[in-house]
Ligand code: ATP
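Shown here is one chain on its own, the form predicted alone, set out as structure tokens.
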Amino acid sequence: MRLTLPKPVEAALSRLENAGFSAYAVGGCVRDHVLGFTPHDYDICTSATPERMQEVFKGERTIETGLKHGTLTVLLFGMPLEITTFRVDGAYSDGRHPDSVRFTARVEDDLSRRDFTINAMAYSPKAGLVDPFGGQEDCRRGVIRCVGNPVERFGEDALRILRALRFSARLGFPVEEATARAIREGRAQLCHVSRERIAAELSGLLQGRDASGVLRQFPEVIEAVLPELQPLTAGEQWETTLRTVDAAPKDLYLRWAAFLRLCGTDAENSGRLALSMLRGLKMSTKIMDTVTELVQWQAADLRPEAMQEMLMRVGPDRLGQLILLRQAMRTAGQKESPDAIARDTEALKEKLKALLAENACYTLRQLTVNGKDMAALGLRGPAIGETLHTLLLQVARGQLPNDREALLDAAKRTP
């Protein structure tokens, strides 16, 4: 088997081999090549120690990424490459990180410490594919399987539990039986994983091609990291949730909103619970705000005649997302024809596009009156903002034109 590697990768392998060391592209980049995908980045492993690596790449820009663990980042032809010495990990007393690392001269030893067979392959143009654990065959069969004993692999690093689910969702590969059993039995170990890492893995899972299938198969793992969802996963709304996730675009915000929209007793309660969970996962402010608003506004009136008011309340970006979330919700309901849902969704998109094109009034800044005008009418303090907001709402509802004289007249009559 021959893989086409980028020039910087081939150059790094060649320099290490010419210096007397073995060297391979390893892990995800090899997996992606085998599966027919374009790798996003490349990692290299080698028999060279960190000190010898520094000698081999002397004169190149390097970053001492983690020399004590054997990793050096080298910039070749503008491409950063992480190069790591073959190693064997010691015990994992904290359930996440090895207590020690021992360098080795054999690539097979290095591959034996990796999580899944599909990630335990190495390749070099000189030696070809090194695949001691059947990763290529598991790629062909489409299965997620641990290297060696899955109980030991998850005991070493509990994050691998969520990585297994993410890979399963992303690739659409089922988890092999013994690996799946070890995932369920070891889920309590996820307490050792940081909330940020849990959030990243869940985000990747939710955006996967088979997110619903994985969530359906492993609800107890989801409960282990988000116990607030136990009433949802155990109830009738769980299947509706999974269908909504399936129907939503593979977008971070929409998939999270689809996942959390039924976590509470109603939209408002679900929004509060969603915010609490996302905050607990230490998500970014943008993710927390966006997902929470989508969940809270999920039942909003999105008829074409109400679009300008919704534009005023949530803004164009959020309204565009709400249209897509509503489409996923209706699809999940399984009570309407896909064609009817698609037509309605397209009509809402066109209505939003038209409102923006005609510069429809949906912000205070667009009103033809302002705070000074309100003060001139004798209004003071909070009454100014309240009156302007009332005028904007009436304009958005089509009850008033955005005309200066009409608005001033309405303001005079506002209690």
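Remember, it's a predicted structure, so these values are computed and weren't measured experimentally. In case it trips you up, residue 1 is the first one in the sequence shown, and so on.
Heads up, the form predicted together with the ligand isn't pictured, but that's what we're talking about next.
Q: Answer with one of Arg187, Arg243, Arg318, Arg166: the residue that has a non-hydrogen atom within 4.5 Å of the ligand in the predicted complex.
A: Partner contact (heavy atom, 4.5 Å) among the options: Arg166.
Q) Here the chain is shown alone; which of Arg255, Arg160, Arg145, Arg261 has a heavy atom within 4.5 Å of the ligand in the predicted complex? A) Going through each option in turn, the one that passes is Arg160.
Q: Please name which of the stretches 57 to 65, 28 to 36, 345 to 353, 368 to 376 has residues with heavy atoms lying within 4.5 Å of the ligand in the predicted complex.
A: In short, 28 to 36.
Q) Is there a non-hydrogen atom of Arg380 within 4.5 angstroms of a non-hydrogen atom of the ligand in the predicted complex? A) Residue-level check for Arg380: no, no contact with the ligand.
Q) Does Asn119 reach the ligand in the predicted complex, with heavy atoms at most 4.5 Å apart? A) Heavy-atom contact with the ligand at 4.5 Å: present for Asn119.
Q.
Can you work out whether Arg170 and the ligand are in contact in the predicted complex, taking contact to mean some heavy atom pair no more than 4.5 Å apart?
A. Answer yes; at least one heavy atom of Arg170 falls within 4.5 Å of the ligand in the predicted complex.
Q: With heavy atoms only and a cut-off of 4.5 Å, decide whether Asp115 touches the ligand in the predicted complex.
A: Result yes; Asp115 sits at the interface with the ligand in the predicted complex.
Q) Judged by heavy atom distances of 4.5 Å or less, which residues of 40 to 64 approach the ligand in the predicted complex? A) Residues within 4.5 Å: His40, Asp43.
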